[in-house]
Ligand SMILES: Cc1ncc(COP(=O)(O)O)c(C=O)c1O
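We begin with a single chain expressed as structure tokens, specifically the form predicted on its own.
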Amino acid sequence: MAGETFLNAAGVGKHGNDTIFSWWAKFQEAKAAGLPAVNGTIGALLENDGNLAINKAVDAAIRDAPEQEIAAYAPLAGLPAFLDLSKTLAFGDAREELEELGFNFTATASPGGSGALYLSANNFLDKGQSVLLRDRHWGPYKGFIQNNSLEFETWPLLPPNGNESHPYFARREFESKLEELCSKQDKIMVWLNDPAHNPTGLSMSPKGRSTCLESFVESALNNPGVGHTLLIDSAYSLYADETHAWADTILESLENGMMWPENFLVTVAVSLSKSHTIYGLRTGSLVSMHPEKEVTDRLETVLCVTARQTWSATPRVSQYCVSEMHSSEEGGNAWGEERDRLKKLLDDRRNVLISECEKLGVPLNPTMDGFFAWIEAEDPVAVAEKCAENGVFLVPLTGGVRIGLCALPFDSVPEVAKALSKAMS
């Protein structure tokens, strides 16, 4: 193999192109050839005319940045104002009430939500241990996990036999996996992308979230020697109807008497890429919550050192501009109005897709929020290829095909349903 003399074992094992970008390239090739082509591949929000959707309030704030804020390094952990904002972006209105209950928060800036995931993978499990994921998840999770010498286990996205009480959380299978991991690891970590799940657009119900939290806390109480970390990947949550659903669930459970075990940590991976439409500025954070200040202080040190040793410092300009914008009621409202406009683009496209798929008998998965929708498929590549033959480009992933509502022009959504109908027949 070319380069094998120079590459280590991990490097030799890396091969292939990113699936999402390779199918985006197929769309571009078709479009360049003058063929009918509908883009449902990329994970960035586009206007109906195909241009990148920009939150104008954020754009204005970035363009007004002082030159020193553009050029200078940020502190290694992040700008203090941005770290404070991150805690609010992660926990919303519940943050203040949780602090009044005695909880402590820490945040570390990172290059996007991906950097936050890296921080957790690098620090919260030992090499060879497994992260627990739902069986339908964002593909790059695997890379972050494997590059930190970890493995992963999965539990089903939906209850295999259905559940009227919590139809979007497979409790029995989740608890079984927790028990299995606790029997062989001294630390366990769950990555849970909710609400507005990538790649399906699924959001768990309030009952599902409280049940999931209850299961995790019970596992921590029953296994006091095992560290339990729940990471909420909130990449798309600010486009959900319940923007801070997990913070609200945690607060409500505590008010209803839930015990908080010492060996239970909640972390939230925050990303400004989607919520503030600054994908290329690579800005996010990892926010952690625990009742013991000694724990959050120690995490602050460890995560800051990891950041320093990995990417040095997260870009300053976006931290400064976004925290300045949100520091005033006027700025926050301007961002909120733009966010609402962009959310409506997604809601309108999703509603049409659901309606058209119902008419054509296309078995679309439950999808409520965020950038994507999903259809299960035994042979996802074959389905995507048949859709491409009809001018619709989607992304085949493990177990199904991802439909990028974020990229689809509103008027093209019925074409997607028709292509799926032909491909699935």
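Numbering starts at 1 and runs along the sequence shown. Source: prediction; values computed, not measured.
Separately, the form predicted in complex with this ligand exists; it is not shown, and the next lines address it.
Within 4.5 Å of this ligand in the predicted bound form, a heavy atom is found for all three of 198, 271 and 282. 141 is the sole member of 141, 311, 155, 152 with a non-hydrogen atom lying within 4.5 angstroms of this ligand in the predicted bound form.
235 is the sole member of 235, 90, 286, 321 with a non-hydrogen atom lying within 4.5 angstroms of this ligand in the predicted bound form.
Contact with this ligand, judged by heavy atoms within 4.5 Å in the predicted bound form, is confined among 350 to 358, 190 to 198, 100 to 108, 166 to 174 to 190 to 198. At a distance threshold of 4.5 angstroms between non-hydrogen atoms, residue 117 is in contact with this ligand in the predicted bound form. Although the partner is absent here, residue 113 is a contact residue: one of its heavy atoms lies within 4.5 angstroms of this ligand in the predicted bound form. In the predicted bound form, not one residue of 40 to 56 has a heavy atom within 4.5 Å of this ligand.
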